[in-house]
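Here we start with a single chain on its own, the form predicted alone, put down as structure tokens.
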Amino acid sequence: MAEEPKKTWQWVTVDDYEKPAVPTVIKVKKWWQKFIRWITPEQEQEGEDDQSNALELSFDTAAEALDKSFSDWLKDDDDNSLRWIIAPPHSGVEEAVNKWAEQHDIRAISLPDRESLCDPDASPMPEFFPNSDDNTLWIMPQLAHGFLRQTNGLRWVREFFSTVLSGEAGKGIIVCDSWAWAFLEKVWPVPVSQLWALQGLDQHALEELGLARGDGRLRALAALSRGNAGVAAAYSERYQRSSEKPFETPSVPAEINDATAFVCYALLVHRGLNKTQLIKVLPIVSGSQLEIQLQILHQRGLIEREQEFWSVTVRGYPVVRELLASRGFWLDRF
């Protein structure tokens, strides 16, 4: 009997998380070039009328699925436990969780001012609600923004872990970027329970979302995106309309060096930084070298700047992840 396809939006514990078989980006390109020989002309012509822009996903259904998964826990007034939700970059996890939190009017814990995180005179104490003992649910929208990878920049997040894991903060939900979580697990090596994630999307799920057609195209898209909905959507338009071409991913600079990798890693671990913050977390990279790396990576389409904050682009993410893997960096598990 054939295995039943997984649901498109499914919330699972991190231990149950699965991702599609993932060759390297280069292997995907080569594999795709071999596969296109099998596609009929009719299939190719069929894609010409597809959308002209990358598909914008709605995460309403993902929020509904989260509501079902957390329903019993949410209604149990005697359950004062925590739920941790890990969000890979561009995956849409934050969008889904925020929609769900708004529907239930869940209050958000204020994030610290990153500019003051390294100030020894600033208070490192997280500010929870004064009446947290009434079992009112709270949410931490993005723990990745609560630290800087620098000695003084970790004080706030250490206090946060101490407070919430002791039960002092009451019942809450913590959302954290997957790269930040991989780092923070080393900073605070105390195992936590109820670690959740949005299940990786396989080729069947991608087909339901309408991101591509044809078994081979779907498998290639699932491999390139590692089951990440946002990455898959970012490549969907070019993928559908030009199936005779391999994936056109941004290219790694020919002049890559340690500074290039350090900048990419810092941006992923912190889920974006401005230049001042980058200088704080990368003291081994000179100011001029940092500026050079930012401009090179930007020109290649691997990073982008929005309101002075630099971050890895959605199209560039698979390439940057592959780059860091090749240089032995500590990766997230997604």
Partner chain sequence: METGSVEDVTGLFKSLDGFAIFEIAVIFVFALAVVWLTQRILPWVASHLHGKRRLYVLALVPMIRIVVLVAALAMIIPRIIEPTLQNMVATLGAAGLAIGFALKDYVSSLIAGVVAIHEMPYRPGDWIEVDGTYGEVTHIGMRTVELVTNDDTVIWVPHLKLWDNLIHNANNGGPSLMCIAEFYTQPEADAYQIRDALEEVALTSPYLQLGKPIAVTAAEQPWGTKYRLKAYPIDPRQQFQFITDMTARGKRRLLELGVKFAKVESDEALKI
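This structure is a prediction, so every number in the text was calculated from the model and none was measured. Numbering follows the first chain given and starts at 1.
Quick note: we don't show the form predicted together with the partner chain, though the next part is all about it.
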Within 4.5 Å of the partner chain in the predicted bound form, do Pro120, Leu154 and Ser326 each have at least one heavy atom?
yes
If you check His204, Arg158, Arg213, Lys99 against the partner chain in the predicted bound form, which one has a heavy atom within 4.5 Å?
Arg158
In terms of non-hydrogen atoms within 4.5 angstroms, which of the given stretches 190-198, 108-116, 144-152, 72-80 touches the partner chain in the predicted bound form?
144-152
Please run the contact check for Lys186 against the partner chain in the predicted bound form: heavy atoms, 4.5 angstroms, yes or no?
yes
Contact test in the predicted bound form: Phe262 vs the partner chain, heavy atoms, 4.5 Å
yes
If we define contact as a non-hydrogen atom of the residue within 4.5 angstroms of the partner, is Leu297 a contact of the partner chain in the predicted bound form?
no
Is Glu248 close enough to the partner chain in the predicted bound form to count, meaning some heavy atom within 4.5 Å?
no
Output the sequence-ordered list of residues from 275-295 with at least one heavy atom within 4.5 Å of the partner chain in the predicted bound form.
Leu282, Pro283, Ile284
